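Here are two versions of the same chain, shown separately as structure tokens and labelled structure 1 and structure 2.
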Structure 1
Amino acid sequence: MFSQIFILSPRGDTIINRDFRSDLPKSTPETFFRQAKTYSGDANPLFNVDCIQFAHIKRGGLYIVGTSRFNLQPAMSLELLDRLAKEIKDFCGVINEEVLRKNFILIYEILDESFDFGYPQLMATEQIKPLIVNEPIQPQPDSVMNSLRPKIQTFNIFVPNTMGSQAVQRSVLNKNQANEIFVDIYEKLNVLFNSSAYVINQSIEGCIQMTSFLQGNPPLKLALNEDLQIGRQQGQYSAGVILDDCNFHECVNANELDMNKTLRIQPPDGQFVVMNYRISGDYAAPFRLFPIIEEISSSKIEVTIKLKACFDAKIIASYANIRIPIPKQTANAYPELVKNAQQETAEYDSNKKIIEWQIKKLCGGQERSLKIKLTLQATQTAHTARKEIGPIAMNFEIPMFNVSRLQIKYLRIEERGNTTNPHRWVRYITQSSSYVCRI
């Protein structure tokens, strides 16, 4: 399996380095960082340099890397690194450079309990928790908040500016913490529109995630919508919530899901995904894009893009980012916002030939518009250049909103004689995965 596991800072500094087999050069972290920086965006999760296999993930702007002289199984390698990151987060409360430097002894202890000679051994928080001796050193509150700001783009199931959860800074080793459990329903949308704003294809990838700080880990009962249905039949239409398919964590008993719409859970310590699900049916897309292209002259084009928020006015999207590719032979581009536009900007990147339109906050029912004036080089005409405009890609996040209407009806402790009443926190977050409008 892995010959080495190391963690690098965004600058390439080695924070943690565990060499299990001593069969690779000590300069391997430097080799990885040089190769990762050759990519224009994020580096590929797996690549090969000088017959060394690298697998890595990014968490909190840090590179968590596994290496081997032999071919790595891609899915397993990334899954193991992800589980290691979750263990570190469960014990330290948050993953950032300062926290890892202060808790490096604890991190090495987690590594030694999780891996034996590079092979996975105990990859769950509840398994290694009784074996961990060191206590985590908690960072100052200001430094934690600084680490949560989206200075560095990292891809997780959620983007860096996701609405913060109260569970984000907790450690499972904190004996004085409150008796609480946090439940998050995340949904990522895949939508493809044509130029008339009609949906061509759409789907939802979602999950129910829990972060448990319950004392004694009592069994739980989670109830979902009464109109929930698993599996879609050919030509079937239903007003309820239909999941095309789903899978569950090993601690979940789903025997009563079909009849009672309930799940019985024996929660481990820390964070885990209760259920992953996928929906491919029709649903109301939260945003609509309306692009209009006008040929002003043989060398000038005017593009108008209208954005409409198609959800309740009480709901507010925390951000929206729209990227519009323009022709490569563009000489000048002038994005113009409407007069007195607030909390939005539009910029032209002449190197990438992209207009980036950013909206910091958008309430339901609102409409925004952007006008782009393009001047082409003499070698291209407006008629041929208009074919190079688009497609428009949109990224966004909407807190306390979900498209599928999947709901948590209640969450109860099933243990007899347990008179405690822990705090339960539930939040809903909807994000874009691939939200594209053709022109």
Structure 2
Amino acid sequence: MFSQIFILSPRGDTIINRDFRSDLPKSTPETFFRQAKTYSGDANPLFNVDCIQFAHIKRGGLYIVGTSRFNLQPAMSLELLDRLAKEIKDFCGVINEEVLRKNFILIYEILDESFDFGYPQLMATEQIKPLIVNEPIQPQPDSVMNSLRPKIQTFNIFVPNTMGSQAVQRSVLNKNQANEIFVDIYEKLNVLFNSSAYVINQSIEGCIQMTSFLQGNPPLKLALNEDLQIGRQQGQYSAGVILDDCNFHECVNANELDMNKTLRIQPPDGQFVVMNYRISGDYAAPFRLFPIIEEISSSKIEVTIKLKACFDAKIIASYANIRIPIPKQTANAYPELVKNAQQETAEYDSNKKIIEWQIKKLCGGQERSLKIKLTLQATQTAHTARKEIGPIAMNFEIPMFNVSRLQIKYLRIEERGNTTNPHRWVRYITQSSSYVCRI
């Protein structure tokens, strides 16, 4: 199993370094970082250097790395690191460099309960909680992962960018916290349009995630749609919610799912994903993009993009960012918004040759449009250059909306005893995963 576990900052500084078996050189963090930097993008999660095996995951910009001299079970080693990251998140509230540096002693404690001689030991938050003596140190409030969200979202694990997530960014060690549970239904949409706005490929990946601060981990009963169906027969059409496939967390008993669409859950502390599902069937895409390209002259192109929000007017997308790559030979580009456009910006990044169109709020039913005037360098003609425009990638988040119509009918807390009725918060969040329009 693991020989060492260490956590490195994005710049390669060691924040945590625990050697369990003392059977590998001490210089492994440097070896790891040097190798990871040789990849043009992110490094492969599993690689070996000089017969030392490195497994790593990247969370909050940090490298969480396990080393070994054995032929590891690859999935298990990465799952373990992921579990460790979740434990740290449960105890510290969030996971980022600042928090880890402030809480490194606490993290050593977690590590030592989670692993002994590199083998996984107690790995559930509620099992470790009684063994922890350090208190988490919260970061300065003004520096909490500064609330600016990245312009182009990197793939993050079902973390809403805009919804008030402070409530779940707490430590499970917080003693006077409310007795409550947060349930989120996240759906990530994957849609591919061709140039005539026709859908070529679409799918949904979703999950039901819980963050439990319930006292005493009481058993839960979660009921889903009555018309829910798992497994799609070929060519079948049904009005109900059909999931192609799904899987469940260890704490879930899904025996009654087929019968009465309920899941029985023995919730651990902190954050966990009750169920993952994927849907490959057709659904109405929440946004439609209509690109029009006109060759004005041999050196000028005009691109017009219309965006339509095809959902209920009561629903508001909290942001929608659109990115349009333009030809490498572009001499100049002017994105023009509609007159009186509000909460909208469009910028041209001349280094990357990309137009960034950002819309802060968008109600259902609304339409927006953007016109881009391109001037090309003399070396290329408009006719060949237009091939280089696109694909247009869109990035958005729509709270309180889900495409699959999967719903939580009720969440019952069984064996409640005398305590007050715990709060149950349910949210729906839809995000783009890969929302692309080709030209």
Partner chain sequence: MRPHYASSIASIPPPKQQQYFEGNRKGEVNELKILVKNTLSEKDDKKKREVVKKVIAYMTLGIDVSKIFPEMCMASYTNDMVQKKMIYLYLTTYAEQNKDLAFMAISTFQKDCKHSDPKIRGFALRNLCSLRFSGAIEYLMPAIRESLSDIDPYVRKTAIMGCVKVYYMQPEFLSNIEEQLYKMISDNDPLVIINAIHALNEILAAEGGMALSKKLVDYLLGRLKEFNEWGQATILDELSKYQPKDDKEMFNIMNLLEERLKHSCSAIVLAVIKVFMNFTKNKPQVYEQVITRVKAPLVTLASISEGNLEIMYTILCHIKFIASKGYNQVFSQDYKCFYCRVDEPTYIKLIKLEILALIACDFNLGDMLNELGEYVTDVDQEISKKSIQALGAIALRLPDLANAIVKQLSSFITLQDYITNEVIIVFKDILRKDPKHIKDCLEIIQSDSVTDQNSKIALIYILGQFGSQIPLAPYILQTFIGVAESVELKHALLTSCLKVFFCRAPEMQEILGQLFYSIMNNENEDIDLKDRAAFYYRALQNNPNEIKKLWQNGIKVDKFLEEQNINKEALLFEFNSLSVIYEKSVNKFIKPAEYFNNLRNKELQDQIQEQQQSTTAEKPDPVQDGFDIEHDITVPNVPIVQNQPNLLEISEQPKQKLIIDNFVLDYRIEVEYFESMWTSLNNGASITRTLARNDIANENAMEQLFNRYRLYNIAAGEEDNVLQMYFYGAHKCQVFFEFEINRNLSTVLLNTKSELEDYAYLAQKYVEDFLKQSNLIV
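Everything quoted here is computed from the prediction, not taken from an experiment. Between two forms, the rigid core is the largest collection of C-alphas that superpose within 1.5 Å. The first residue in the sequence of structure 1 is number 1, and each one after it adds one.
In this comparison, the chain shown as structure 2 is the form predicted together with the partner chain. Positional change of residue 31 between structures 1 and 2 reaches 2 Å or more at the C-alpha, relative to the superposed core. If you fit the rigid core between structures 1 and 2, you'll see the Cα of residue 291 move by less than 2 angstroms. Fitting the two forms on the rigid core leaves the C-alpha of residue 310 displaced by under 2 angstroms between structures 1 and 2. Taking the core as the fixed frame between structures 1 and 2, we note the C-alpha of residue 79 moving 2.8 angstrom. Comparison between structures 1 and 2 places the CA of residue 48 6.9 angstrom away from its other position, after core fitting.
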